[in-house]
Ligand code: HSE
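Consider the single chain below, provided in structure tokens and representing the form predicted on its own.
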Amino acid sequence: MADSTVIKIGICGLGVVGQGVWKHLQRNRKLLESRIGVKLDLTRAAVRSLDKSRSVKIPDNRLTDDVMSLATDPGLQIVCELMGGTDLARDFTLAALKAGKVVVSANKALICDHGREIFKAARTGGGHYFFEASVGGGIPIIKALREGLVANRFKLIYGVLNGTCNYILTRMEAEGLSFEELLKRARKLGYMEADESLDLDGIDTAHKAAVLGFLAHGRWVSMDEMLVEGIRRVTQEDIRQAAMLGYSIKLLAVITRDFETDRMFIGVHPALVPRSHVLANLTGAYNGICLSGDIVGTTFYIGRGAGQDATSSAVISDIADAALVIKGSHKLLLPDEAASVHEESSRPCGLLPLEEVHSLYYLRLTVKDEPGVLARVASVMAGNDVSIASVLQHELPLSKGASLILTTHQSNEKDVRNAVTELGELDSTIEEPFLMRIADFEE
């Protein structure tokens, strides 16, 4: 190797991903060094417990339980924040950036909650922040947005960003099992986050959508500014009815922007996806993301969205890019700097109001099996300017009432939500109505 530059690396957190990065970086180090033209030295690792057994063998003199010591170690040029959480991770990241280091992270919650502060610290401290592994696992979606497709404006970004939810929904469809049965299986397989609500209630997907929304449009959209719904209420009846209508159910993140009014919207919710669409055929723990650019058209990215190997691949890719930046052969703008290049991003875009967010809808109602119920439902829908496209009614077993499945013509979120609220208050309604969107990918 002609260049004798040595880049020293520290890893903070040796969980599943951290151990994968250490293992694969050691295994493929010579190949990676030949590709980027520098030497890589895995110098130190910080862990919460020095006594914990791990699958990778790391010399004791390279391990420490003093996390912050890696952030301030003058001998380290790159530090990987792979411990998760947002409190200690934030302190560590800010300290490392203040010290002028390059930080590599897979922490989407940290970026979503503190991205603006982190990018400012990188800019003022002279460091840099890489976060490819935070969205899409092994899919290089952030690199695509920031580099490969930088010439484009994106009116629509959508996709499946949570492998756990995709696993549950696809197995419900394939095996006919209930949500509760497959949730137990997902736990045994180790797919679930420690806080299961992050997966099941759409929070993990919303964090990733916020990152993509900022990179594409230069605005941080907070959780309370999004539409965020999870998959807990999806039943086998919904799976069967969707199939009869020609759809599969997926948990989607949808990021839209109206460039004429300079406003955007982010929604995370279960949706009926046409069987003919590539995302409908996305099985297991895979992720799939579609970007609709004004120049390139629509591009699709599919790959493993989680797991040690996929996430490690993305982290190591960032380490390689970081090494090139340090070497001086690569220049990469921080996200807020890159956003300011576009005229429309010189000021934060606004948010679309609910009355301007349109979709087709699927609505499941459980009602008393008595005369006049359908007429009352139709009256509520009409009173809220929601046009019904189809109705399917069938009796539930054990005299539990009847199930009504409605689909609508194009309506807006505000009117549909008002209708659902009124329907839930009818004396004839037995259970809370369940609403899903029907995906219409007009690009």
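Heads up: residue numbers just count along the shown sequence, starting at 1. Since the structure is predicted, the reported quantities are computational estimates derived from the model, not experimental observations.
Although not depicted, the form predicted together with the named molecule is the subject of the following passage.
The named molecule isn't shown here, but in the predicted bound form, which of 235 to 243, 149 to 157, 162 to 170, 362 to 370 has heavy atoms within 4.5 Å of it?
Looking at the partner contacts, the answer comes out as 162 to 170.
Here the chain is shown alone; which of 213, 270, 127, 305 has a heavy atom within 4.5 Å of the named molecule in the predicted bound form?
Residue within 4.5 Å of the partner: 305.
Identify which of 174, 192, 223, 296 has a heavy atom within 4.5 Å of the named molecule in the predicted bound form; exactly one of them does.
Going through each option in turn, the one that passes is 192.
Would you please decide whether residue 199 lies within 4.5 angstroms of the named molecule in the predicted bound form, comparing each non-hydrogen atom pair?
Yes, residue 199 lies within 4.5 Å of the named molecule in the predicted bound form.
I'd like to know whether residue 208 contacts the named molecule in the predicted bound form, with contact meaning heavy atoms within 4.5 angstroms.
Heavy-atom contact with the named molecule at 4.5 Å: present for residue 208.
Give a yes or no for residue 204: in the predicted bound form, does one of its heavy atoms lie within 4.5 Å of a heavy atom belonging to the named molecule?
Contact with the named molecule, yes.
Report whether the minimum heavy atom distance between residue 108 and the named molecule in the predicted bound form is within 4.5 Å.
Yes.
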